[in-house]
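One chain comes next, on its own, written as structure tokens: the form predicted on its own.
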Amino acid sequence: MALEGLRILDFTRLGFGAQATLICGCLGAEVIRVESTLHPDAIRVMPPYIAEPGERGEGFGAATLANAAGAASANRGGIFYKYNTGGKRSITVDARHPKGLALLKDLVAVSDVVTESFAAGTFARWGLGYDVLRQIRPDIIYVSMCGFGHSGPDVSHVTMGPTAQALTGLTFMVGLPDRPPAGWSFSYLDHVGGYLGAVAILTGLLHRRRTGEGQHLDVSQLEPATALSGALLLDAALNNRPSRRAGYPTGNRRLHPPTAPAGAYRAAGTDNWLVISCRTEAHWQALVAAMDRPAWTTDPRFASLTGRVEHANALDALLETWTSVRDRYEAMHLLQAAGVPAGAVQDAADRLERDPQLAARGHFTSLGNAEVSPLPLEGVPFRMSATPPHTGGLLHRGPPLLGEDTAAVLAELLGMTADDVELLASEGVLS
């Protein structure tokens, strides 16, 4: 595997940091999660939980920290499962205990990369800042990941993905005209920021290979969001036009170039949708023919693209009378065969269970652990011919149980005996 032989001592939590080390684990790195039984990673105990066989889990809307108190296990958090495949191992160490801190420093000495995603300054207060890490191992690569990064006037503030999305304007970009912003649902910046965290790790490794030197890589969650809002920033800079204005966001409307019909239209069933986009006159004529030329398509208002754009609301309402009584996939195939750009809007079950392209690519791999039966999990979204990645990493297993690898890691890396580990556990060092 591409990163086989690389060891990452991983203090990341939640999604942002864990996504970065997940990618490295899928590429073959040995990722050792440093955790706590007293203060487990919030996504270990945050709903929705992976249900027991025969049970139905709660919906995704229950995924709040406030609802985490009722967790029956630290090993069934669904969000944790998503972010912690890659063959990660889990050890539990109390960094506040002097022996625990000494243990972590010993592990730093035999690791290539240290990653963490705490608020800026937290790691240094533990006694594990970069100045300390490089004394232990001069070529260590230290990757910190937090909302605002480790410098600037906002360094003391903390964020989570949805907060960062709002702060950078992304939340306002999504919604329907003249209605409150709808937001981006799940923590999109955990994914994007996590990928950039993985890039930082790889960049640090490349620099060390060339120079023999380590470095501190400081990854901010907000900055990739600013890049994603580039079109709005350009509009403001060049046209002095604010994003918060009447009719914006535009919802389904495609304004550049002006297109109609263009948007998501209701299909048969509950919350089923079909996207159609007629950018040319040929697309429109193909759509009309595929629908068997209903009478409303001869309305003079729709005789030209300019007219269709001007009367887009009326056109959408009439087009939805056709789409709303048809299966989204049947309509998609009918329109595509006629040369009309169209696609069914897929939900999670579609992607997981019924998408032939993802199935052909082997996108999902079923993995479990000692507490959870195998579940289909996603890995990295690319293939490598010479060094294939694997969702389960080197170990080919699902996310680790909390602390399940403590004894094995301490024995393998630090040469500790079972009696040594038992003594540390009895002293509260491994909690």
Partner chain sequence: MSGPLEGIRVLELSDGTTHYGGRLLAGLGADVVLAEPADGSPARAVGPFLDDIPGIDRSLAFWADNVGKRSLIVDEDADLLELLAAADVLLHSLRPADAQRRALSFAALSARFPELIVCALTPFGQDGPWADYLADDLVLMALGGSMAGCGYGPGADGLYDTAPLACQEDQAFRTAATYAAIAVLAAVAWRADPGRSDTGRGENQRGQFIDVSAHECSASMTEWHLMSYLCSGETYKRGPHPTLTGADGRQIAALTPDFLGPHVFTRMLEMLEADDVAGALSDPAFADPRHRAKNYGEVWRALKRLAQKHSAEELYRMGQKAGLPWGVIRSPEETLDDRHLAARGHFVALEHPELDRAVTYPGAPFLASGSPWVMERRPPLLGEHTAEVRSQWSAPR
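Residue numbers count along the first chain shown, from 1. C-alpha atoms forming the largest set that superposes within 1.5 Å between two forms make up the rigid core. Values in this document were obtained by computation on a predicted structure and should not be read as measured data.
Below, we turn to the form predicted in complex with the partner chain, even though it does not appear here.
Scanning 90, 168, 111, 75 against the partner chain in the model of the complex with a 4.5 Å heavy atom cut-off leaves one residue, 168. A heavy atom within 4.5 Å of the partner chain in the model of the complex is found for exactly one of 251, 307, 127, 121: 251. Comment: 331-339 is the region of 95-103, 293-301, 310-318, 331-339 lying near the partner chain in the model of the complex, near meaning a non-hydrogen atom within 4.5 Å. Proximity of residue 371 to the partner chain in the model of the complex: non-hydrogen atoms within 4.5 Å are absent; the residue sits far from the partner. The partner chain is not drawn, but in the model of the complex it has no heavy atom within 4.5 Å of residue 322. Using a 4.5 Å cutoff between non-hydrogen atoms, residue 288 does not count as a contact of the partner chain in the model of the complex.
At the 4.5 Å threshold, heavy atoms of residue 81 reach the partner chain in the model of the complex. Residues from 223-261 that approach the partner chain in the model of the complex with a non-hydrogen atom closer than or equal to 4.5 Å are 223, 224, 226, 227, 228, 229, 230, 231, 232, 233, 234, 235, 236, 238, 239, 241, 242, 243, 244, 248, 249, 250, 251, 252, 253, 254, 256, 257, in the order they occur in the chain.
Core-superposed comparison between this form and the one not shown: the Cα of residue 127 travels less than 2 Å. Residue 192: CA moves less than 2 Å between this form and the one not shown after rigid-core fitting. In a rigid-core overlay of the protein, residue 98 has its C-alpha displaced by under 2 Å between this form and the one not shown.
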